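Form predicted alone, single chain, as structure tokens, below.
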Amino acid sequence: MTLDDILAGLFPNGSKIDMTGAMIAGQATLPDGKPIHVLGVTQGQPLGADEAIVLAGRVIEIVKSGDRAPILFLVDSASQRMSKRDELLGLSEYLSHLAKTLLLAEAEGHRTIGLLYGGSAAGAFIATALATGTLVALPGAHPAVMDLPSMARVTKLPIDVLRAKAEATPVFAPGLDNMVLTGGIHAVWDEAAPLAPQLAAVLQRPQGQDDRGRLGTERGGRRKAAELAARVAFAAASHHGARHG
């Protein structure tokens, strides 16, 4: 599906969305008449410091508006922009800032939904799609936190070893199916069905419900994450209680 097809399917009541380079920003009307903010990085382009700071600024403007309308973040990107200029500017801080603005928006009452409809990788994927409260995807999307050749360079393990691990353990493997198994992606939408009702169903989920760990356990992609997170939270709460009891 093209971006125009997706927007038309999501917002049959219309939208006003501007494109600047590979970035989109604007507002649309949901079938129930309520507004929704739309942001995104598109056209398979890398996410650099310039784009990250603009998108973060947009999110902050939305939070300052106080309207608590949901934010849909569309994602079709490469990885972060790997240029000397961006690295010298402190690209990792720009990406972190963008991710934190999305977390802030969720905490301030804006539902944040990521829609991955193309590619995305590495820091760009973490700072956009994975930073939203709920991430969904369309068939054909191809996410990768890190591809196997890059993983081999970082870990110094032979790529054949990593391929074997990827076949047995989804957390090692790129691709849509593996990201679903780990719980990172809540659901893959049916592109043959109307998109607007599928978005409405996501918006009806309880606010602040982060069930990625549980989904990873149920789907077999991350068997220990939810249990370990619960143990850490319990230990932290017990320590806090002991200090202030």
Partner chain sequence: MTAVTANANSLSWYEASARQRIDALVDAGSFAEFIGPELREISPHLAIFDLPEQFDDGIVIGRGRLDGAPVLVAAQEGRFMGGAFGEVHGAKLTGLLRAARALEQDVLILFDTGGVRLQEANAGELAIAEIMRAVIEARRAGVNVIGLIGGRAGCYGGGSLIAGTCSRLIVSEQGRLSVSGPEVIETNKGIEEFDSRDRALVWRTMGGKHRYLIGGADTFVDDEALAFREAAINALKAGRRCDVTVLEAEQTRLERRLQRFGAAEDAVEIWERLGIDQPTEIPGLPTGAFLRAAANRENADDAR
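Since this is a predicted model, take the numbers as computed values, not measurements. Just so we're on the same page, rigid core means the largest C-alpha set that superposes within 1.5 Å between forms. Residue numbers count along the first chain shown, from 1.
Beyond the structure shown, there is the form predicted together with its partner chain, which is absent from this document and is the topic of what follows.
Not displayed here, its partner chain is approached by A99 to within 4.5 Å at the level of heavy atoms in the predicted complex. Interface membership of P139, defined by any non-hydrogen atom within 4.5 Å of its partner chain in the predicted complex, is ruled out. Within this chain, A25 is remote from the site of its partner chain in the predicted complex, having no heavy atom within 4.5 Å.
When its partner chain is considered in the predicted complex, R212 lines it closely, a heavy atom lying within 4.5 Å. Of all the residues from 209 to 231, those having a non-hydrogen atom no more than 4.5 Å from its partner chain in the predicted complex are Q209, D210, R212, G213, R222, R223, K224, A225, L228, A229, R231. Relative to the superposed core, A152 shifts its CA atom by 2 Å or more between the shown form and the other one. Relative to the superposed rigid core, the position of the CA of M19 differs between the shown form and the other one by less than 2 Å.
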